[in-house]
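This document opens with one chain alone, in structure tokens, the form predicted on its own.
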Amino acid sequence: MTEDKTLSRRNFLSVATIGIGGLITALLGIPAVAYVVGPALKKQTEQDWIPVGRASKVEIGVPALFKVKIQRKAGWILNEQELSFYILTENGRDFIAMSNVCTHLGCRVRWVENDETFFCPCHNGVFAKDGKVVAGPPPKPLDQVQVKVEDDQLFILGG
């Protein structure tokens, strides 16, 4: 008995259709998977220095509030966020940058000139000029970020 090894027209068209379908699937599927999975595979970039304002705006011994808008990218989503910092100098050369967010429940603190303290109105949290807790429920001092000055321009490390 001999088997016929020739490919019939029907079998040829079936194999060709499956082959072309597989090729199209691969050509469209590989870039689609790369597009969806790509952001998760990217390495974290190092933090950038963000310009916040002029150093000459900060009076010696009086914290000055600076606000800056930054854009953060999470995968394919781009969010704009406003950050606020109090910047303090005691000698005009060395600067401290503190978040204006209370470490208790995340309320915004404000500088009270008469008392020379930061006050959180939510639960009466009080912080010293350097951000340390003086009274109330906050569990830790105000968060600090690195700050540098170049040509009278203040920069904070963030991102």
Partner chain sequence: MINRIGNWMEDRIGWRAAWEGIFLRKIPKVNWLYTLGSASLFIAINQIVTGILLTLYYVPTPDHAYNTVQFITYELPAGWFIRGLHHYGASAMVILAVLHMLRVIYYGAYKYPREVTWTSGVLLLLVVLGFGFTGYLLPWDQRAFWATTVGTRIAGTAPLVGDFILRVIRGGPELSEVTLARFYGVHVWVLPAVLLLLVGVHMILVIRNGISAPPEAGE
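Given the structure is predicted, the values throughout are model-derived calculations rather than measurements. Residue numbers count along the first chain shown, from 1. If you superpose the two forms and keep the largest set of C-alpha atoms that fall within 1.5 Å, you have the rigid core.
Omitted here: the form predicted in complex with the partner chain. The next part is about that form.
Put simply, V62 is far from the partner chain in the predicted complex: not one heavy atom of it is within 4.5 Å.
The partner chain is not drawn, but in the predicted complex it has no heavy atom within 4.5 Å of L105. Though the partner is left out of this view, P121 does not reach within 4.5 Å of the partner chain in the predicted complex, counting heavy atoms only. Within 4.5 Å of any heavy atom of the partner chain in the predicted complex lies no heavy atom of A135. Contact here is defined as any heavy atom lying within 4.5 Å of the partner chain in the predicted complex, and by that definition not a single one of I96, V112 and L157 is a contact residue. Contact annotation: the partner chain lies within 4.5 Å of heavy atoms from the stretch 32-40 in the predicted complex, the single such stretch among 32-40, 50-58, 87-95, 123-131. Residue displacement note: Q146 has its CA displaced by under 2 Å between the shown form and the other one (rigid core superposed).
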